[in-house]
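Given as structure tokens, the chain that follows is alone and in the form predicted alone.
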């Protein structure tokens, strides 16, 4: 019989995390009569032991529905299969997954709900194969997890980026400048493409469509010839220059971590300053896209994900995650989602919409 359920959030923070937590806790306590527990700071909390697990009740989740971030805390460095341990030889990556299994067993946890992106779900699936009773909830503002049509947090990030583009339009037009807005999107350009269309960008650069400076300048000059002395360029942090296979890295990867992207906007600015007489400015939105009040759409989607995650636990469908298919929330095996990114189709309808709106994708 299922009695005790724990929840953890892994990877980067994201609008809607608290709404998911609230949905799981309310459904678990009120509908199923379970005891609910939170795990602090992702998998780190389970690795470090019992003092990082705390009981949650309805008071714990009061007022958290619209709030960004996560009341549980999170970590994107806590991979238990490659955990950095300091030894006499330096930092070594060690498998400490046995600590997680031991913590769950010792605390009598009957089911663990793991909320996270591709990396977190990969870990969750491997722990499930080792015997942990795990249900997943997909999370990323990048919307690049396969096996679900949308992830929560994505729409809020688009709203934030679009609002920034709207504000930058006025200063770009007033000063006759080229304004570059760098948004998140390590591997997929969903945020740049959607916010660029919504914000009326003139050029959108995404990882799936390598760009050339000739194309950028051509678009800017075309606008100038038609009386528009300014242009708005929206660029994903993972955008690629045609003929190059590396992106701009702000900081190299530490052991067991991914390199930190960022700087492509400034790189483009410097190049345009070098080869033209244009006045160019760059704004990097960065973590602003992760924060703030969660949009109504994401509150609803997150709440639905949370309730369905509780249902999957009740059905003992461990090794599954919740997924939005069309307008319905269903359960799908986690293994169907991990290791496969959902990329923007360069020949798809959304890109074609941008092109028909006379938005350059940097390749023409």
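A quick note: this is a predicted structure, and the numbers were derived from the prediction, not measured. Residue numbers count along the first chain shown, from 1.
What follows is about the form predicted in complex with a small molecule, which we do not show.
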If contact means a heavy atom within 4.5 Å, which one of 206-214, 227-235, 177-185, 126-134 is the stretch that engages the small molecule in the predicted bound form?
177-185
Kindly indicate whether 4, 27 and 315 are, all three, within 4.5 angstroms of the small molecule in the predicted bound form, using heavy atoms.
no
Listed residue that, although the small molecule is not shown, lies within 4.5 Å of it in the predicted bound form (heavy atoms), from 294, 195, 140, 120
140
Interface residue in the predicted bound form among 94, 76, 283, 107, criterion: non-hydrogen atom within 4.5 angstroms of the small molecule
76
So in the predicted bound form, does any heavy atom of residue 86 sit within 4.5 Å of the small molecule?
no
How about residue 287: is it within 4.5 Å of the small molecule in the predicted bound form, going by heavy atoms?
yes
